[in-house]
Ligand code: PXL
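Only one chain is included here, represented as structure tokens and corresponding to the form predicted on its own.
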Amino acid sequence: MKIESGCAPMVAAVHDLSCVGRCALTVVIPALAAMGIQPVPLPTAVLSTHTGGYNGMAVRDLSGFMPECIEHWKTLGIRFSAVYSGYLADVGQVDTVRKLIEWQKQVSDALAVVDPVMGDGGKLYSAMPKEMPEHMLKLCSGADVITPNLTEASLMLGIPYPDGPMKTDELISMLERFEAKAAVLTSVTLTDGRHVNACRIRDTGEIYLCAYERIPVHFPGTGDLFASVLTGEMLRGSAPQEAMRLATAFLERTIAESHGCGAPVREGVQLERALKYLLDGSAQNMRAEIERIK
């Protein structure tokens, strides 16, 4: 659904709220808003801090609140342009998101974007239920767009996490196993030395690569920010591969500038400095090229 003049579409943003550390809803909300979209948060959990680099955080699972919130929305007749989910705290929340997507598909043909936030570095997050990958795969299978990183893709497909750079045919094989209309796989290193994000369009079988310069630092929340910009750009009317290009360019620049300012890594990227690129459209001019490989 493309944004029309004077219209701010609403997106149901199903993510956790980490109070300290830029990730999840604290990056999703400002990024979407900067792109002219109204984010409507549906929090899956509330944490005093995110889990990367902090200890002893306070956590509240909101599994009971989520369906109550959705039922209230139904009485209001709310129509979303997209349902965009991220970190889910419990397997029961997967079914809640599935039902939300089904409802919005019926009333507004909403775009369904699933970022299956479950792990990184080849491992499932410590607090994540062991059975989450199989449930998340089912949610992803019915989505329009999914944005797993390499760890999450491996977990959902039940295959070993690559212990080194991937061959192009291995990347293609992984992408082709997903049933979503568009699968965007992030943070892949190829045997030719390139770092790429990759997109496969199911209906056409087309596969696109978007290379980026890897900065030697790992900020939390960059996957959330990537998926948010991709979602916003698709609502602006771009195809998934073009939305991937913009999101890749924006993240590359944001990470580089955040690394350069010397801020503590665990606080996340300096989003406040980077939002201007989404506000004034200059992100469209950032250099990032798409290569079609199939």
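The model shown is predicted, which means the values in this text are computed figures rather than measured ones. Residue positions are given as counts along the sequence shown, with the first one as 1.
The same protein also exists as the form predicted in complex with the named molecule; that form is not shown, yet it is the one meant from here on.
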item: Interface segment, criterion being heavy atoms within 4.5 Å of the named molecule in the predicted complex, picked from 30-38, 61-69, 47-55, 234-242; value: 47-55
item: 4.5 Å heavy atom contact, Pro133 and the named molecule in the predicted complex; value: no
item: Partner contact for Ala24 in the predicted complex: the named molecule, 4.5 angstroms, heavy atom; value: yes
item: Partner contact for Ala82 in the predicted complex: the named molecule, 4.5 angstroms, heavy atom; value: no
item: Any non-hydrogen atom of Val184 within 4.5 angstroms of the named molecule in the predicted complex; value: no
item: Listed residue that, although the named molecule is not shown, lies within 4.5 Å of it in the predicted complex (heavy atoms), from Tyr212, Trp73, Trp103, Tyr125; value: Tyr125
item: Any residue of 199-227 that, in the predicted complex, places a heavy atom within 4.5 Å of the named molecule; value: Gly221, Asp224
